[in-house]
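Only one chain is given next, in C-alpha cells, and it is the form predicted alone.
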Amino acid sequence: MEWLQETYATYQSTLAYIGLNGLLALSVYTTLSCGQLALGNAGFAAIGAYAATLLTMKAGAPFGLSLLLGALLPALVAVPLGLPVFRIRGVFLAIATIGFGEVVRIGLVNWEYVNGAQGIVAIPQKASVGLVWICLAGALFVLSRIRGSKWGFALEAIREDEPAARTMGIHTARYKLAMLVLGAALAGLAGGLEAHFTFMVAPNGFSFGRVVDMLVFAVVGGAGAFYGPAIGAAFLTLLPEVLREVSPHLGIEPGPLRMLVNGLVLLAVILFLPQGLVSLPAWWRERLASRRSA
C-alpha cells in the first residue's frame, strides 16, 4: 500500500496531464467529427484558464463556479467566431482559427492586469487528479451519447458530403457551430483545471505548438471514434515518461528523443494505421485471419 502511494505521488502530474490532454484532444475532435479543421482551441483554453483564475483570485468566487464560467465564456466567444469562419473550409479555416488563438495569446501578453508574458502565479491548487478524470469521463459520456443519435448521424453526413447533407435538409451551419461551441467549452474547462492544478498560467502555455499537440493526439488516437483522441493523448503523455528512463542508456537528451519518437509514431500511424490506435485491434485480427487462411 505504501508503494502504491509513493507511485501515485511520483506520477500524479502525469496522471493529471493524461486527463487534461484528453480533454484538449476531445475539444479538437468535436469539430473534426463534422469534417471541420478548426484549430483555435489553444485560444479557448487560454480564455477559460484566465477567466477561472481571475474569478478565483480576484472575485473570490467558489472554485466550481469559476470552473463553470471558465468553460462558458469560451463557448460564448465561439458563437461570433464560428458564424463567419465556417463560411470557409479546409486549410483556410485552420489558418483563420489559428489566427484567433494567436490574437488571444498576444492580447494576454500585452495585458498588464494579468502580468503580461509572466502570467499569474500562486493560484490555489483546487483541482485534483480525480476531478480531472471525472471531467474527462463526463466529456466522453456526452460524446458517446451523441454517437448513434440523430445528431451523430447528421455530423457523419456533414463530414462525408456537406452539400449532400444540406440537400437532405440538415442545417449544416447549425451543427458545425454547435460542435465548435462544445469544443470551446471543453478547451476552456481543461484550461481552468490546468491553471488550478499547476499553480500558474501564462500566455506561452497556449501557443501554436499546443494546438499541434492536440491535433496529433486526435490523429494518433483516431478521430473516427469519440474515445480515440483520449487514447492518443494518454499514449503520447505517457511516452515521455518512458523515454526519460531510456534516454540515459542511449546517451541522448530526453527532449530531442521525445521529438524524434513522436514524429516516428505519427508517421507510423499515418502509414500503417490511418484510423489511429483505435483500429489496432481490428488490424491485428485481420492479420491473424490472413495467417490462418494462408
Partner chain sequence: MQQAVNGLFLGSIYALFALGYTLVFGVLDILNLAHAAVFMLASFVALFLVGRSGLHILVAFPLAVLFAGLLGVVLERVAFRPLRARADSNISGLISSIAMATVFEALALWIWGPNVSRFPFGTIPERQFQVAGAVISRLQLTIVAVAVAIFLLLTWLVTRTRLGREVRAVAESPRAARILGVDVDRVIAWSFFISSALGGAAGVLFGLAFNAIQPDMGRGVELKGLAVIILGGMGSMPGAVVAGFALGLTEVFVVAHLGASWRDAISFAGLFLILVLRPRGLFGAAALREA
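Positions refer to the first chain, counted from 1. Just so it is clear, the structure is predicted and the values come from calculations on it, not from any experiment.
In what follows, reference is made to the form predicted together with the partner chain, a form of this protein that is not presented.
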Quiz item: Thinking of the partner chain in the predicted complex, which stretch from 146-154, 165-173, 97-105, 182-190 has heavy atoms inside 4.5 Å of it?
Solution: 97-105
Practice problem: Check, residue by residue, if 124, 236 and 279 all come within 4.5 Å of the partner chain in the predicted complex, counting heavy atoms only. | Solution: no
Quiz item: Between the options 73, 136, 219, 177, which residue brings a heavy atom to within 4.5 Å of the partner chain in the predicted complex?
Solution: 219
Quiz item: in the predicted complex, which of the listed residues (77, 85, 132, 158) lies with a heavy atom within 4.5 Å of the partner chain?
Solution: 85
Exercise. State yes or no: in the predicted complex, is some non-hydrogen atom of residue 64 no more than 4.5 angstroms from a non-hydrogen atom of the partner chain?
Key: no
Quiz item: Taking the shortest heavy atom distance, is residue 260 within 4.5 Å of the partner chain in the predicted complex?
Solution: yes
Quiz item: Heavy atoms within 4.5 Å of the partner chain in the predicted complex: does residue 92 have any?
Solution: yes
Quiz item: Any of the heavy atoms of residue 59 lying within 4.5 Å of the partner chain in the predicted complex?
Solution: no
Exercise. Using the arrangement in the predicted complex, list in sequence order the residues of 269-288 with any heavy atom within 4.5 angstroms of the partner chain.
Key: 270, 271, 274
